[in-house]
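A lone chain, given as C-alpha cells: the form predicted on its own.
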Amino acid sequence: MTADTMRHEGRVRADRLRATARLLLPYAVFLAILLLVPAVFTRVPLYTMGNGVYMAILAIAALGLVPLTGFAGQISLGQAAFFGTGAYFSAILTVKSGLPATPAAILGMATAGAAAYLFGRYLFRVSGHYLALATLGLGLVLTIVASQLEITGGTAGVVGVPSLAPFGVELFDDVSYYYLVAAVLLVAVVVVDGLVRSWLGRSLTAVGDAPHAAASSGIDIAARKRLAFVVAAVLAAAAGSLYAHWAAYVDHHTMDLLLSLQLLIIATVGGIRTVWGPVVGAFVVVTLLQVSQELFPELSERVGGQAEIVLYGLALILVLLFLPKGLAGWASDVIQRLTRARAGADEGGAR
C-alpha cells in the first residue's frame, strides 16, 4: 500500500467520523437538554414538572405531523382523534378489563394505525384539502360518540387509570414520569428523523413538493401519503396512552378539535419540516399557556380562561410572517450559515 493510498484512506475515515459526529451531535445535545429539564423546571417559578411531562407528550403527538404535513404536504385536523384513541384504549383496557398498561397502549397504537390505513385507502384517492376536511369530520364524530357511549364513560369519562410501571417500577410523581415520556420522545425523534432522511423521506418530499413529477417517476403517491398518515396516527396514539396514565383520567375532550389545532400550531411554530420543530413548538405553546394562566389574571381581572388562544394565534401569525420555516428551521439555517462561514474562513487561512 502506497503512502498516497494510506493518506486517502485516512481522509476517508476522517470524513466518515466527522459525518457521524455531525449526525449524532444533535441527538446528544437533545439528550442533554432532556436531562436538564427537571433541574430547571423545579427551580423556575413559571414551570412545574407537570409542564415538562405535558410538553413531551404534546411533542410526541405533534411529531407525526412532520412527515405528514411538513414533507407529504397533507394537512390533518384529526391528530386529536388518534390521540384520544390511544388514551381511551389504555383507559378502558386497564380499568375495565384489567389488562396491563403496556399491552393496552400497544393495542391502542395498532388500532389507530389500522384505522388510519383503512381511512387513507379511500381518502387518498382524491387530491386537494380533502384530508383536512375528512379528519376534521372524523374528530368531531369521534368526540360526540365518545361522549355518548357507556363504555367510554359518557361525558364523565374514565377515571382511575393506573400509573405506568415499566419493568415493575411504579411511577408516582411527575419527575419519574417525565423521564419515561422523555425517553419515548427521544426514541420517536430518532425514528422519525431516520424516516425523513431515508429514501422514503425523499419520496415524501417529492410527493409534497411536486406530486405530478413524483407520479411520473413511478412513486405511488397514495401509498406514500397513507404511510405518513399511519405514522402520524401511531405517534398520536402513543402520546394519548402516555397522557391517560399520567392524568389518570380520560374524557371526550382528548379528541377535541382544539387539541388538533394546538398540535398543528405546535408543529408550525416550531418548524414543520424538522423533527426538532414539535419539541420547540411544544415548549413555546406550554410556556404561552402558563403565561396566560398565571400572569394575565394579575394584569386584569377581565382576562378569561381562553386567553392562551389569543397568544397561540399571535405566535402563529408572527412565525408565518417572519420565520416561515419555524423557530427550529430558522435556528438550523443560522447554524448552517455560521458553519459555512467558518469553513470558508478556514479554507482562506489554509491558502
Partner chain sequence: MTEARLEIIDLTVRFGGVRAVDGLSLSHSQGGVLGLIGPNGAGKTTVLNVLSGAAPPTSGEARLNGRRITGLRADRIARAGVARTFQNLQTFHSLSVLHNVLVPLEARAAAKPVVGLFAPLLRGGQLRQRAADLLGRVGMADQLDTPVASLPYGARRRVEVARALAADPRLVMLDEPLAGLSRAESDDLARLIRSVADSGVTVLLVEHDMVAVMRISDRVAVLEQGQLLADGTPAEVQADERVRSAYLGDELDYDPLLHKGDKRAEAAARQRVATDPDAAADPGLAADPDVAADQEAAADRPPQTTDRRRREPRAQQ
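In this text the structure is predicted, and so the values were computed from the model without any measurement. Numbering follows the first chain given and starts at 1.
The same protein has a further form, the form predicted together with the partner chain, not shown here; the description that follows concerns it.
A.B. asks: What is the one choice in T152, T274, T94, T205 with a heavy atom within 4.5 Å of the partner chain in the model of the complex?
C.D. replies: Partner contact (heavy atom, 4.5 Å) among the options: T205.
A.B. asks: So which of L257, A114, I219, V175 reaches within 4.5 angstroms of the partner chain in the model of the complex, heavy atom to heavy atom?
C.D. replies: Selected option: I219.
A.B. asks: Could you tell me if E170 has a non-hydrogen atom within 4.5 Å of the partner chain in the model of the complex?
C.D. replies: No - in the model of the complex, heavy atoms of E170 and the partner chain never come within 4.5 Å of each other.
A.B. asks: Check whether A215 has any heavy atom within 4.5 Å of a heavy atom of the partner chain in the model of the complex, and answer yes or no.
C.D. replies: A215 belongs to the contact set for the partner chain.
A.B. asks: Determine whether any heavy atom of P211 comes within 4.5 Å of a heavy atom of the partner chain in the model of the complex, and answer yes or no.
C.D. replies: It does: once the partner chain is placed as it appears in the model of the complex, P211 has a heavy atom within 4.5 Å of it.
A.B. asks: In the model of the complex, which of the stretches 230-238, 246-254, 80-88, 197-205 has residues with heavy atoms within 4.5 Å of the partner chain?
C.D. replies: Among the listed stretches, the partner-contacting one is 197-205.
A.B. asks: Within 93-125, which residues come within 4.5 Å of the partner chain in the model of the complex, counting heavy atoms only?
C.D. replies: Contacting residue: only R125.
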